[in-house]
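As structure tokens, the next two blocks hold two forms of the same chain, structure 1 and structure 2.
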Structure 1
Amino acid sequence: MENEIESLKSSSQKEIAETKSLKDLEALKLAYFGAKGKVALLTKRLGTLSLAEKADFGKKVNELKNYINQTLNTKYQTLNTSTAKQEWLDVTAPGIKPEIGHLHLVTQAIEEITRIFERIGFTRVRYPEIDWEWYAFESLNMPKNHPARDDFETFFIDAPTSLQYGKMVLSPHTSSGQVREMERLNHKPPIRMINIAKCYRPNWDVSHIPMFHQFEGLVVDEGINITHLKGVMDYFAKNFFGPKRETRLRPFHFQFTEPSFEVDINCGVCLGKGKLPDGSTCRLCKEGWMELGGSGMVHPNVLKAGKIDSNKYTGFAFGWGVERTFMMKSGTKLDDIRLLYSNDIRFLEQF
């Protein structure tokens, strides 16, 4: 038996030395230490020995185990480092280009609009998409049953009515944030708000979607007049659309502003002339100007609803669609607003 131990020791040493790969080394380890391995077979013989022999034999088997184990480990280290050395990285091989996404166009437009107004001291806010009728209408000088409400087709929420605030609605415009902003600031001007949020109206065609975004400006302070409104409109037109663009105020009607205006911007192609240099009619705008959205001087009743003294303070407000404004930016010729929300990657990737 002593001989067997000796011969196992030398054969293991030889076999390990001849091994050339980690995989073969692994197999060799099993051949010795596996359940039916050579060492296990040897250990089985213990049962047939007398007590005295057992102690001696057991000790020798243990020495053998340690020996093989150590030889295996040393070989493992050698093989492992040489394998690592063999690994080679071809730095000239073309890489795998990861797909990089980007923000949705509407989100990009919102970011840009926010930055433009921030530069002249407007604070970006947002107010609830589900709001009370009072904030959406009454506080904006549109009493119950007033025909002006017909201009704002509205989704009503099936929820309990509040005695004070009326029904719940999906906010049909960002103007619902006007009195909320006066409340947030404890009814103390100056107010310079830019409220950008989702709005909802039940319409669905090439220029309307039931969910869209508006950005609403509200400025209230002492001595605010129409020239401030016009200046801010022109500032925005130049910064968002380009240095050659300007705005025009056209009389209009809103319940919550007096006087009220539609803001038009001169066309980016003919710059307000309506005609091209060759005398033909401009095909983009036909008459030189394009409508951006509503604006006006804050109605005294709105200031009253926001508990602000309308004898001391005046203000202006404007509210425009983000999608519409974005689509009017030169170079973005979309003829269907619904494309923005169809989630077609082939379309969105272009921007």
Structure 2
Amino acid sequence: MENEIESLKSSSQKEIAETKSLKDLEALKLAYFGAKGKVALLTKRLGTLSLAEKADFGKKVNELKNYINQTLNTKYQTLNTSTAKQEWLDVTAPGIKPEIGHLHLVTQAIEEITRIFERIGFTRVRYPEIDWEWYAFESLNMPKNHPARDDFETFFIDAPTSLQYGKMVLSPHTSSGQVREMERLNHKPPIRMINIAKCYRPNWDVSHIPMFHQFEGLVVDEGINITHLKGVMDYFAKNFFGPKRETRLRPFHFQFTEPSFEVDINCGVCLGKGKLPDGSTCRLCKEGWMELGGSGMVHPNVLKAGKIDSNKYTGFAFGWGVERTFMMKSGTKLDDIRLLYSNDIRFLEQF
């Protein structure tokens, strides 16, 4: 047995000396001291010895362990020092800056829209994403049989119905905040709000998504007329879209405004031509113009729902989709609204 101990001592010294890497040194350490290693197998021999032999043999095995450990540690220090010399570091070289992200495109658009309207005295507000039918429809002069209240147009919530306010819905538009703003100000104009929030409608194509953002403007005061509405639209278009873009007001019908208009802007992809340079039809607008949203003079019934005297006060309102407004911005050339929420980093890093 003494010969075996001497043999292991000699072989370990040679193998450790020939080791060229820290990885190989760790493997060698496991070969000697692992559960099935050479030293462990030697230790198991103790059970076959007498008490007198065990004491002497145990002492020599411990000496072997200490010798191998010491040799391993010395080699480890040598290899570690050699590796450190090879991995030379120039501390004067510029560091690698960590990647820094940026706000999502929609968040950037919301902040820009907010700043534009703040400069002309609008107050930013936000109202519930889950609201009552009364605020979403009836307070806005929409009767029970209005098509917007169809299950194919609105997400209804499976919740108890209120006798006063009806069912609960995922807010289909920010217009539901109009009467809430009148209530917040205790039914006392002047009112000049910009309400930006999430809205929900079951639509899905290149220009519609089930969840989107709207910004709703509402102005109520004495002597407000349609020229004020047009002035605000022109001001926003000039500041947000740039001088080369054109807008138009198209007569339309909305239950909560009278008269009503849809606001269009020439397409940011084809610039109002409806055709691309290769002669193909523009995928986004098809005909050169894109609808941004509705606008008009606040209907007297809406003022009445907000407990405001329609004989003394008038107002205008407008509601536009943030995503679609961003798509129409000069230079964006985004032809599918769904890309905004695809979370494709290759797309997001372009902005």
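All residue numbers here refer to structure 1's sequence, counted from 1. Rigid core: the largest C-alpha set superposing within 1.5 Å between the two forms. The model shown is predicted, which means the values in this text are computed figures rather than measured ones.
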Structure identified as the form predicted in complex with ligand PHE:
1
Pro300 C-alpha relocation of at least 2 Å between structure 1 and structure 2, rigid core basis
no
Large Cα shift (2 Å or above) at Glu129 between structure 1 and structure 2, core-fitted
no
Comparing between structure 1 and structure 2 on the rigid core: C-alpha of Asp56 shifted by 2 Å or more?
yes
Inter-form CA displacement between structure 1 and structure 2 at Arg45 - rigid core frame, Å:
33.9
